[in-house]
Structures are given as C-alpha cells and as structure tokens.
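Take a look at this single chain, the form predicted on its own, given in structure tokens.
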C-alpha cells in the first residue's frame, strides 16, 4: 500500500480537484483506492457525494469521520469509519470523510503527541486492503497537515504556479524538513516529494508560450523541486462536475461527479488519466 498526501499551504490551487479525480483515475485503472479527507472544510467529502443532508439533525457524518480516527487509539478503526462514495464514479471509491468539528478539536489534539501517529498506525492495520491511499490535507501548516505528511510515503504539491503559490513552496519545503525530522525518530523513511503538479493552468496561448515556461523554470531552478510532466488545465467541465445536483421530490440535493463520470470524453479526463499513469510510474506501481 502506497500513501500519497496532496498538500500546498496556498489555497485555491486545485488541491481537492486533484485529490478526488486522481483517486477516481486510479480506481478506474483497477487500483483499490482509499481517499482520506483531513481538511475541516470537507471539500473532498462533499465532492465524493457524501454530504446529501440539508439539516443538522440529519448529519450522519458527525460521529463517523476522520476526527474519530485520530481521537482514540483503541476505538474507531478505518473499517468502522469508511464510506463508499455516492454517485461520484463508477466504480465508486472508499472515503474517510471529514467534518467541520475538526476545527473545534484541533487545540485539544495538538497537545496530545500520540494524535499525530494514530492515522498512521490505523492504516497499517488495513495495508492489505488498498493499493493506494490519497490524503487530502488542509491548505495550512497545522496539526492536520502535519498528520497527513507524517502518515504519507509521498507528496504531491498542486500549484497554479502564480507568484504567491510559488513563494509558498519554501514554506512547504521547510514543513517537509520538520516532518522528516519527526519521521526519523520513528525510523521512518523521509517523505518523498514526487513533484509540483501544475494545476488550474490557464489555456491562453500567449500565457502558455511566454509566461508558463518561466514559471516552470522558477519551480525547478529557484526552489529545486521536480515538476510533473502532466498539466491539469483550468477547464469548464472540471469546475462544473462537482456542482451537479439531482432532484429528490421537492428537494434538490448535491450530486457531484468525478470528471470521468461527468464528461468522459473531455480533455480533463485525458489529463487525469495521464496523471494517474505518471504517478504510478513514479511510485513503482504497474499501470
């Protein structure tokens, strides 16, 4: 089982879009995939169709989400928490959902050193059940991002390569260095940075010809980070697929789709297929 964190401390760079559609792309290749949402905004949880309630009393995630995994060592293991995505992809993927209550508990959990290791240890108990685990980490430098990077074997850094995102790469590198010091105390290999993934890239020809190559060069030379060959462009279909709804009587409920399900012949599908193949090669898995 290989565990991959999706992280950048700059928001709005396509992190969740990458996490959920990469998970779908790998699942479509026959891989057994688990997606873990450890971001209190719960965007991956929403994007995989698990938030279909309108009223708080109907919330079936509040007591069965990633918070329970990291709050206790002796209870609430992954088989107790995992959900199957709902109408998101065919085949569906397994998801550990997130919840807004993560915010309330962060200060308490930060004081408990063991909370940083519980997800890692609980994943070890199901390592024969999945080929790939993808962790959607929050765009911050907090406990939950730390847990994601401690738990993962590999890191993908989605970035639109704009100035603030690029300037944030030094922060990411420093954070990885701190996490690797912690990992060394566990006799765990350093987190391997697979690369910066260009995402939400504009399709404007002038931008692609004159500006984009310089941005790529900045990442590779100034920040000494590898860059994925695959590029995820900003496309209408990719932004629309998560905003789908369906009618249930008088109610209209969210019915988000993976890009593979929403528009199977679009350019974004080709891009995420390429990303899935490139990722598998990088981590030594069959494609």
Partner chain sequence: MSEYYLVDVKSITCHVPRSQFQADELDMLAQSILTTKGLLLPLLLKQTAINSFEVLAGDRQYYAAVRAMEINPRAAEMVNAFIIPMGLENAALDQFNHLSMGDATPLQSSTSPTVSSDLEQRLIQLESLVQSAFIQLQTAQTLNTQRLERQIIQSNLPKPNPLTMFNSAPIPDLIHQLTQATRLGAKVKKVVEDLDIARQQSPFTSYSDLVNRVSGLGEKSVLKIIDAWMGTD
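Worth saying up front: this structure is predicted, and the values here are computed from it rather than measured. Numbering follows the first chain given and starts at 1.
What comes next is about the form predicted together with the partner chain, which does not appear here.
Close approach of residue 74 to the partner chain in the predicted complex, 4.5 Å, heavy atom: Yes.
Closest heavy atom of residue 214 to the partner chain in the predicted complex, within 4.5 Å or not? No, no contact at 4.5 Å.
Give a yes or no for residue 112: in the predicted complex, does one of its heavy atoms lie within 4.5 Å of a heavy atom belonging to the partner chain? Yes, residue 112 is a contact residue.
Given that the partner is absent here, does residue 210 sit within 4.5 Å of the partner chain in the predicted complex, heavy atoms only? Outside the cut-off, so no.
Thinking of 46, 64 and 130 as the candidate spot, does the partner chain come within 4.5 Å of a heavy atom on all of them in the predicted complex? Checking in the predicted complex: none of 46, 64 and 130 is within 4.5 Å of the partner chain.
Sole residue of 118, 200, 83, 99 within 4.5 Å of the partner chain in the predicted complex, by heavy atom: That would be 118.
Going by heavy atoms within 4.5 Å, which of 152 to 160, 138 to 146, 180 to 188, 86 to 94 lines up against the partner chain in the predicted complex? It is the stretch 180 to 188.
Need the contact residues for 94 to 109: heavy atom within 4.5 Å of the partner chain in the predicted complex, sequence order, or none if there are none. Result: 108 alone.
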